[in-house]
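Here you get one chain, nothing else, as C-alpha cells; it is the form predicted alone.
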Amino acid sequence: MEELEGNGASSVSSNEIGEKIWVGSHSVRKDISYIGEIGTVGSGYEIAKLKKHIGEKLGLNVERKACVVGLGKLGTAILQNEKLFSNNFKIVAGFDSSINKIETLVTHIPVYPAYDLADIIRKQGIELAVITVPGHASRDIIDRLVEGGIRGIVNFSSVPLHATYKEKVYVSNFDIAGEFRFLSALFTMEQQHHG
C-alpha cells in the first residue's frame, strides 16, 4: 500500500494487489473480507482506507520498540539502517557482549553490554528483538530477552530458536544458508527434469 501511495495511486484492485504479492485476486478479496468489510471504490479499494484498516486489525499502526543483540557486521548494519523499518518500528537499543565493541561503535542509538539486556528491555518497554549472535550464544540470549519481557524475536543466529516458556514469545528464524540450499535444490531439480 505504501509503495502504491508513493507512486501517486489512490485506489487499487484485488487483481493489482495479487500481482504484487503473487497471490490470486480471489484470495486477496477473501483475506480482506476476513478482517472486515471496508467497501470498494468503483473497481478497487481506496488505498488510504485499506492501509488504515489492515493496520488497525493487525496492530501495524502501533509504535513498537525494538533492539538488536549482537553488534557484528550484520547486527551493526541492521542497527544503523533505519530504512529497513517502517515508521512504527523503532530500534532504541543495541547490545553486545564485547565492552570494546560497545565503546568504539559509532552510532546514534544507545548500545549496552549484553548483561544489561533484561533490565534495559524492561525499563524501556522494548517488545521486539533481532538476534545476530553466534549460534552457541543464542540460548542464553533468548533466556535474558524473555526475562526482560520481550514479545517477539527475529533470529539470524545459526541455531533455530523456539521459545519454551510459559510466557508467549513469538520467534521468527532466518536461516540464510538454509534458504540457499532450498533455492539450489529447486534449480538443480529443474535442470535434472529438463536435462
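These numbers come from a predicted model, not from an experiment. Residue positions are given as counts along the sequence shown, with the first one as 1.
What comes next is about the form predicted together with a further copy of the same chain, which does not appear here.
Although the partner isn't part of this model, could you tell me whether residue 57 comes within 4.5 Å of a further copy of the same chain in the model of the complex, counting any heavy atom of the residue?
Answer yes; at least one heavy atom of residue 57 falls within 4.5 Å of a further copy of the same chain in the model of the complex.
Would you classify residue 80 as touching a further copy of the same chain in the model of the complex, given a 4.5 Å non-hydrogen atom cut-off?
Within the cut-off, so yes.
In the model of the complex, is there a heavy atom of a further copy of the same chain that lies within 4.5 Å of any heavy atom of residue 129, even though the partner is absent here?
So residue 129 counts as contacting a further copy of the same chain.
Is residue 16 close to a further copy of the same chain in the model of the complex, meaning a heavy atom pair under 4.5 Å apart or at it?
No, no contact at 4.5 Å.
Among 140 to 148, 24 to 32, 44 to 52, 62 to 70, which stretch sits within 4.5 Å of a further copy of the same chain in the model of the complex, heavy atoms only?
Every other range fails; the passing one is 62 to 70.
Is it true that 177, 186 and 190 each have at least one non-hydrogen atom within 4.5 Å of a further copy of the same chain in the model of the complex?
Yes, all three are in contact.
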